[in-house]
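Here's a solo chain for you in structure tokens, the form predicted alone.
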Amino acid sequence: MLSKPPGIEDIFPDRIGRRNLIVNAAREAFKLYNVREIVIPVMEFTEVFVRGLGNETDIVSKEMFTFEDRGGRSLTLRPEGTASVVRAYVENGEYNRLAMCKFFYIGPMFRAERPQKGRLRQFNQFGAEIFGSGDPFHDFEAIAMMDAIAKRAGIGDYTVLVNSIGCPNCRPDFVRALTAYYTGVKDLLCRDCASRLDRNPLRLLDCKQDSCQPLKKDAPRTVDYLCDECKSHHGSVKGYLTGGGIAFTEDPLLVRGLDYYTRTTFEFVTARLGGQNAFAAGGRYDNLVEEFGGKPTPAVGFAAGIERMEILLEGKEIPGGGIDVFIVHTGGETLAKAVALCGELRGAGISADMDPGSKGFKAQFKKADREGAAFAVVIGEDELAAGTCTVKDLKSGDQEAVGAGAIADFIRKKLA
């Protein structure tokens, strides 16, 4: 028997309802915020992610699926969406000539991680990127968008963490202070953090290892090193959040694991996901477009893990998972009528199914229940002779005879 690679899932219909609820909530919110869809490639030249994410990030150094094509070019399955969207924005001049662009994407990402719940090698994300404005209003807008999506999907028990990691002008002072602090406790660091101390000290604050967690409480705080412009920007973001009624917690130790962030960083976290407690995150990246060869362009965005949001919806009843009608017949002439009616209902936009086999009523009603049908339409010998069908509401048990030509209108009114 053939099997799938580890860390990659088959997604069957019992999960599709939750997934569609999340994706539809995202699409509805993006429409409200005037954010338009972009479809980015599943693979890129490796340089897109090396330049975008940074050589010293865990994603680039440990987690990318990279291979050579037949021409000897290095390709990588995308581990995240922002770098690809920025590459597309810079490469397609039609869009980067506009004053502002708002894009969203939905699709699979790939990382060579140790598989665990909510952390897969092929996983799905949606995200949004806003190009062309450094105004703190758009930082707020990105957070508000994700907040709206979570609430629309029915997720409520989360905390929004917000911080500023400064800009290239003020961050070096913070990095020096951070390096000095962690150098003094180097013997207590995990192996990865001991290596990060020289290569990428900001990542020390992002470590999830139990041995490193207690060291954070005495570490320097980013907000204590912000320049006046970054302080003003951070204060405005918090002011917009407060004015917009979005509860948040300021976390002065919150950094993101990617090199491109400047100023605002944020995460949506919940205790229900364990150690990997974030299901959405993002921030500002004002220098990344220029890094990709574009003109200086401020930008902000976020991404959310669909599988992690699915975990938060486990046990929640998802409406609309079944079909509208299952047609029950006795075979022979009633089968022909059932086939015709099935086509008529589908043509009228009513989902319908049937079993053409000559099974008894009991077996067919069991199948109707299994398919989650709202109504059963029965065509037996009596109904055939009378020119009617019996329509049974499978939730209430109520049933009535309806003229064969009026079934579609009757069902549509009931569904409404």
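Since the structure is predicted, the reported quantities are computational estimates derived from the model, not experimental observations. Here the rigid core means the biggest group of C-alpha atoms that line up within 1.5 Å when the two forms are laid on top of each other. Position 1 is the first residue in the sequence shown; the rest follow in order.
The same protein has a further form, the form predicted together with the RNA, not shown here; the description that follows concerns it.
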I'd like to know if residue 265 sits close to the RNA in the predicted complex, meaning any non-hydrogen atom pair within 4.5 angstroms.
no
Is there any non-hydrogen atom of residue 280 lying within 4.5 Å of the RNA in the predicted complex?
yes
Is there a non-hydrogen atom of residue 46 within 4.5 angstroms of a non-hydrogen atom of the RNA in the predicted complex?
no
Might residue 359 be said to contact the RNA in the predicted complex, defining contact as any heavy atom within 4.5 Å?
yes
Pick the stretch from 118 to 126, 157 to 165, 215 to 223, 234 to 242 whose residues have a heavy atom within 4.5 Å of the RNA in the predicted complex.
118 to 126
The RNA isn't shown here, but in the predicted complex which of 402, 23, 408, 394 has a heavy atom within 4.5 Å of it?
394
Listed residue that, although the RNA is not shown, lies within 4.5 Å of it in the predicted complex (heavy atoms), from 304, 178, 299, 189
304
Within 82 to 114, the residues having any heavy atom within 4.5 Å of the RNA in the predicted complex are 111, 113, 114
Rigid-core frame, C-alpha of residue 213, shift of 2 angstroms or more between this form and the one not shown
yes
Is it true that residue 14 shifts between this form and the one not shown by 2 Å or more at the Cα, once the core is aligned?
no
So, does residue 192 move by 2 Å or more at the CA between this form and the one not shown, with the core held fixed?
yes
